[in-house]
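Coming up is one lone chain in structure tokens, specifically the form predicted alone.
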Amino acid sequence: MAKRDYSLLGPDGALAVETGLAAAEWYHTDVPRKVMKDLMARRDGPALRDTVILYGCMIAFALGGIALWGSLWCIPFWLAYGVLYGSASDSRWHECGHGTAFKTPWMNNAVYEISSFMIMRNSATWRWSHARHHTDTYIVGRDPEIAIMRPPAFAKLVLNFFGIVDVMNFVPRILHNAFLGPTAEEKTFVPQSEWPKVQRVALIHVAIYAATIALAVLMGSVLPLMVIGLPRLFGAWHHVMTGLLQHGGLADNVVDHRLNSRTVYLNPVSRFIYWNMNYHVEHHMFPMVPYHALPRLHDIIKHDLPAPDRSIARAFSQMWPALRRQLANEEYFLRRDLPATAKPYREDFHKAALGEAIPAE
């Protein structure tokens, strides 16, 4: 590929369909049926515990920030509230969107809707967007959730650590959804039967934000926006940091998640915020395995996967130089070497890509 066109309406998407990359059969590590059935078992307990902790902490931090408003002592409370609002909501949106966090469907749906609002995503469009992301992971012109395009736009990546790009994209899109329905690109992956729901959800989001802004004006204070809206900016850094590592700098247009996804070991606090999505190769291979079972899944299939990065810092130390090299050479990517116990990559789809890869130094 000389120049990538990431538009869902562009020629690369059509080419992916023609060549069989779209909706292809992906590689999966062999796991005994009985073991997989146990891993996929859904339970309410772990997610109920984590949800009570999350929302309980958010309420406590918000009350502390409000009580200490006007003094410097409120800052730590708002920073903590922000990372739970603007980052933990991303992983909750994600897992509840898969329907695997809870066993009880209405619990998944309730947390999914709340989290979608906090992370500023239309719950009706993003449910289908993420389904396409899993079907065509990092297939150019097909995947609507490619976070790092080639060549990388470093200014946007940095700005998004403060949520700026996401919010700038969200505002016109939610207004378009509210008054006109799905955009042209959204119509490529959202079934027509869901278009009224897209508009209905958008109208609710717009109404809540309008009421919050009106209250802030009436009070003559930014405080209502510190509770609703602004934390999506100052609390976004954690979900952006971990999100970039999911696929950044790795191969695109391949059908083996070991090539295009990254597993990273995290500390317990980050794992709680991220809800174990650091086991990202495992999640993409088996998306119906609940978040609380991903560490077990990792232990079972790690013999067939690239070695995980031992920390966020280690992963960034490899990814960032690779992104810089992609500025000059869009074809460069980090090759994920497999252990001797692993099955090889599919040569029929990946021979050209593997030949062009330059191993990480």
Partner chain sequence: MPQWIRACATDDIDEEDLIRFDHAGATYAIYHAPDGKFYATAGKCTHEDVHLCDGLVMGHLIECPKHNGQFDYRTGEAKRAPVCVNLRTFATRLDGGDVYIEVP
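Numbering follows the first chain given and starts at 1. Source: prediction; values computed, not measured.
One more form of this protein, predicted together with its partner chain, exists but is not displayed; see below.
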TODO: Report the residue, out of Pro196, Pro76, Pro172, Pro287, that has at least one non-hydrogen atom within 4.5 angstroms of its partner chain in the predicted complex.
DONE: Pro287
TODO: Counting non-hydrogen atoms within 4.5 angstroms of its partner chain in the predicted complex, say which of Tyr55, Trp320, Tyr332, Trp26 makes the cut.
DONE: Trp26
Task: Interface stretch in the predicted complex with its partner chain - options 177 to 185, 235 to 243, 221 to 229, 125 to 133, non-hydrogen atom within 4.5 Å - done: 125 to 133
Task: Residue contact check: Arg271 to its partner chain in the predicted complex, 4.5 Å heavy atom - done: no
Open item on the list: Just checking whether Gly99 would be counted as a contact of its partner chain in the predicted complex - the rule being heavy atoms within 4.5 angstroms.
Closed with: yes
- [ ] Indicate whether His257 is a 4.5 Å heavy atom neighbour of its partner chain in the predicted complex.
- [x] yes
Task: in the predicted complex, Arg42 touching its partner chain (heavy atom, 4.5 Å) - done: yes
Task: Candidate spot Pro46, Arg49 and Arg200, all three touching its partner chain in the predicted complex (heavy atom, 4.5 Å) - done: no
